[in-house]
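Below you will find one chain, with nothing else, as structure tokens; this is the form predicted on its own, and questions on how it binds or moves follow later.
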């Protein structure tokens, strides 16, 4: 539900999202700022900066993280906060003015709609033939309006740009038949609303919406992850989609998600298979083991191929992959057979899977 007041209460899933944002920026700012003279944090639906309970909104989270880590880089960080409502713009300006900003930073608060503001910026860069600095964009609307996919695609096609998008999947289901053009514009596929509408029930429509949006993002980004956020009653609220063309960014976002889930306060599920969501609260090694086995069934491959597949195409991390391989090696009968001698002629330690280790997977699906 879209709040009408200047300030509103922060829901648990909102705090989870901001914890993810914080964990990711703690890695993103130092990594990018060590190698570039200028980086951009772009908040497309910035809000008033703080919630009614005093919790930080995303602009203050980003400013604080940059301030706390500024000793680790010398680059200028340009913060752009876009907000449509004047009362929230005024409050955000007060909040930003009241805190210590990171050194060597520039803050711009824009009173405009996200779509108009970003399209205007990209149009201006195109006219001048300029590239945008490395950019992280948080796109966090209340509904499905104002974030057309063509605009997201334009940003992601630029070098070193990535996005974290709140995809209001539950809200979208109410508009597939009422406002099909708007749904199509959001997803970026002309007949998306009709494809979704043909699904027999709401659960199937949610899965299909998610698949189509991921499909669109994968057309412009190499790495795409989505995570379903649920409330404390385990009811789905919305999906968070992350898209980037950089493997390290993908890795750091997955680490951020797992770090936040470790608090025990929030629940996420991952879409390795939309019809069989993998709950993050399950044992990661046990969860990813069947995914790995299905991918490499009947094959003999290097350990780095397995690790690379899991890192690039699933929500799991290297530590989870190694735990899964240990599990499969020790089973009776084992699902994998691991060569004791690596391809360089040296012996590997049992339970370890260093580069150059050959792993043979048993036949069949498990």
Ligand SMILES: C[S@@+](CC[C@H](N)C(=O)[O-])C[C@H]1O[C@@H](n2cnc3c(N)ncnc32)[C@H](O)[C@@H]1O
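Residue numbers count along the first chain shown, from 1. Because the structure is a prediction, the values reported are computed rather than measured.
Form predicted in complex with the ligand: not shown, discussed below.
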- Message: Counting any non-hydrogen atom inside 4.5 Å, which residue from 63, 46, 315, 336 sits next to the ligand in the predicted complex?
- Response: 46
- Note on the structure: Students should find that, of 242, 114, 136, 167, the residue having a non-hydrogen atom no more than 4.5 angstroms from the ligand in the predicted complex is 114
- Message: Check for me: heavy atom within 4.5 Å of the ligand in the predicted complex, for each of 223, 258 and 310, yes or no.
- Response: no
- Message: How about residue 93 - does it come within 4.5 Å of the ligand in the predicted complex, if we only consider non-hydrogen atoms?
- Response: no
- Task: Find out whether any non-hydrogen atom of residue 252 is located within 4.5 angstroms of the ligand in the predicted complex, and reply yes or no.
- Result: no
- Message: Within 4.5 Å, heavy atoms only: does residue 176 come near the ligand in the predicted complex?
- Response: no
- Task: With heavy atoms only and a cut-off of 4.5 Å, decide whether residue 82 touches the ligand in the predicted complex.
- Result: yes
- Which of 64-72, 25-33, 51-59, 323-331 sits within 4.5 Å of the ligand in the predicted complex, heavy atom basis: 51-59
- Members of 127-154 lying within 4.5 angstroms of the ligand, judged by heavy atom, in the predicted complex: 138, 140, 141, 142
